[in-house]
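Here we start with a single chain on its own, the form predicted on its own, put down as structure tokens.
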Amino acid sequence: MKNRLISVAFAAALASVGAVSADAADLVISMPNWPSGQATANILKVAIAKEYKLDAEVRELGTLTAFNGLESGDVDINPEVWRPNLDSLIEKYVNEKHVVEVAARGIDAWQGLCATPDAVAAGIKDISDLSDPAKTAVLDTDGDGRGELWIGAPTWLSTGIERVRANSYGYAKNLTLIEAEEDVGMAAVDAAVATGRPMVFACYAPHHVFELHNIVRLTEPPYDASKWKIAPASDPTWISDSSAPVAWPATSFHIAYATAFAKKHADVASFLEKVDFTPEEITHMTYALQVDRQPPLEFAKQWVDSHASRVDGWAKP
């Protein structure tokens, strides 16, 4: 009886495996944990299904895991690869290993630090003001005498670079650097504006926060390539080994896809190279997901329906 039970269980397991295999998606799109990446990942899923009848699984993954997946074949498309944040990964996977392609077309963006109107009124307008404890005292929210500064989500490479910048400029000495998910950071911005509390935080555009509030970007010395020394993030000591006492360089983000996937689906790879989201559309996407709380997949279905001719154009040879 015991053997029979084992046989029945084994057969059930095999049937289960077969069912999973039969239901497996045709491709996998990695999805970042920020709203524009969530929107574009799902738009690509819906658009590819519309044009090529391929079923895509959207899977939330960290950037490093996504790049590893592009190499191993577990991931086929990464919808949002930021440069220069991920240039060390691009150098490794694109230029050295030749297992990933980055679409030539990118979306212009920028990164830096921003202040709420009350922080500006308190005299924090330039990044050098963050090194003045008398000024940053107004950023103290927990009564310990040190102001707080949200620098991004724990899994973002940009968060590490903001920590490098804080060390390089010197304001890490008198500010507590907070790492938290973007939902938490943006909720803090909303609350700060609503209550008139000064707040400074890491910011990037395109982003809906500039539609909601009168946010001001802190001025700082312009980017200087000779001073921007960011070590590869694969090095455990990369933050302490890096230095960046200047503004971020010109920024953009791009779709990336596995080289093996492009060989198998050259038509889809050509499609990905033609996707041309604008910064204004990206802002609208983040607003829809973060403010209007639209589910990413439902938003994507509506977006593709309302941009059908444009999506069809991306698919033309």
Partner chain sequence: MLMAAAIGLGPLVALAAQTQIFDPQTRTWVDYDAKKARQYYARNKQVPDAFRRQVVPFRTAEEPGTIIIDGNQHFLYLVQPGGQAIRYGIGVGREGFGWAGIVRVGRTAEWPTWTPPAEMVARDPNAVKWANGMPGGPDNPLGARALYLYEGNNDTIYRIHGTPESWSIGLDVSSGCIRMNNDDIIDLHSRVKIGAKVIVLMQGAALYKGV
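Residue numbers count along the first chain shown, from 1. None of the values given here were measured: they were computed from a predicted structure.
Omitted from view is the form predicted together with its partner chain, to which the following refers.
- Among the residues E96, E211, D132, D224, the one placing a heavy atom within 4.5 Å of its partner chain in the predicted bound form is E211.
- Out of the listed residues T176, S88, S168, S128, T176 is the one that sits within 4.5 Å of its partner chain in the predicted bound form by at least one heavy atom.
- Contact between T237 and its partner chain in the predicted bound form is not found at the 4.5 Å heavy atom cutoff.
- A188 belongs to the set of residues with a heavy atom inside 4.5 Å of its partner chain in the predicted bound form.
- Proximity of D241 to its partner chain in the predicted bound form falls outside the 4.5 Å heavy atom cutoff.
- When contacts are judged by a 4.5 Å heavy atom cut-off, R197 counts as touching its partner chain in the predicted bound form.
- Only one segment in the set 211-219, 78-86, 106-114, 227-235 has residues whose heavy atoms sit within 4.5 Å of its partner chain in the predicted bound form; it is 211-219.
- Residues Y287, Q290, V291, R293 are the ones in 280-306 with at least one heavy atom within 4.5 Å of its partner chain in the predicted bound form, listed in sequence order.
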